[in-house]
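Only one chain is given next, in structure tokens, and it is the form predicted on its own.
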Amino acid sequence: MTMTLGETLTRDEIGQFWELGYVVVRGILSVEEAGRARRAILALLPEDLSLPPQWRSWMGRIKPYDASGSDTVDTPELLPLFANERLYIAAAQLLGSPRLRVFDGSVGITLRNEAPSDTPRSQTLHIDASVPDDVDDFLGTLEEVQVGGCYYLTDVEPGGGGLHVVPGGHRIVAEEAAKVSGGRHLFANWKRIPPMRSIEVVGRAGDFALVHHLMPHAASHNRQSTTRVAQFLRFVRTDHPHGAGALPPRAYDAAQRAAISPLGRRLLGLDPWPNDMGSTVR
């Protein structure tokens, strides 16, 4: 049986994703939903702004981590973001399968900072491939592709801390890696990519900036008065060749479980996908 889903992305948006490596999915969250998630993230900050020692802060960008070193933030208030139906459908359209897993769930709070105007990015360009270090080459298959990015939970204007991407950069990475044996390991496993021209992805609160896993990207400086708040997610197929789609589920307490929808239970690995649902999206 083939599972028939509605459409989130138009044919043109799908074409843009594969050509440029990114697309902004507009209005995935309502203004009210984005506001609730934004307030939940900002509530993580201690009242006296004394950041826990395991948290990271750089160039105005704050990322919470727990004591185990995980940056996943899956409080009951934020778990619904992992299983937004429209975002799931967009990922399924691109990956060609309804059988997906979702992970990451880190959050970013980017304060205004006064970095020099000639340094638009606060990070080195890199990719988040989730490919084991002992794998020498990218496979270039649809099963290997991951799609992910971030919810903008505040309006992000130019110079407002938006995600920086390299249009078409996912194809550049794939082509350069394919030229040599062990191309997966170029540029420190593509974590320190040499300078390339990048653009800032702007959007409104509730939009999702969706990117290919081989897209060179980086955080950018926020020079606006509005503190940028974002939450990051990635989707993979359950038949991901490197095992990212078959990771054991996290442990959740009663409050978290109450916040997880039936779709979320499947995406988070708590429940299996039905055997008779097929493996393609029409």
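Just so you know, these numbers come straight off a predicted model, no measurement behind them. Heads up: residue numbers just count along the shown sequence, starting at 1.
Another form, the form predicted together with a small molecule, is not on view; read the next lines as being about it.
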- Query: Does every residue of R61, D128 and L163 put a non-hydrogen atom within 4.5 angstroms of the small molecule in the predicted complex?
  - Reply: yes
- Position in contact with the small molecule when the complex is considered in the predicted complex, options A37, L214, L233, A218, heavy atoms within 4.5 Å: A218
- Contact assignment for the small molecule in the predicted complex, among T75, T72, N189, Q123, heavy atom within 4.5 Å: Q123
- Using a 4.5 Å heavy atom cut-off, which stretch among 26-34, 244-252, 218-226, 44-52 contacts the small molecule in the predicted complex? 218-226
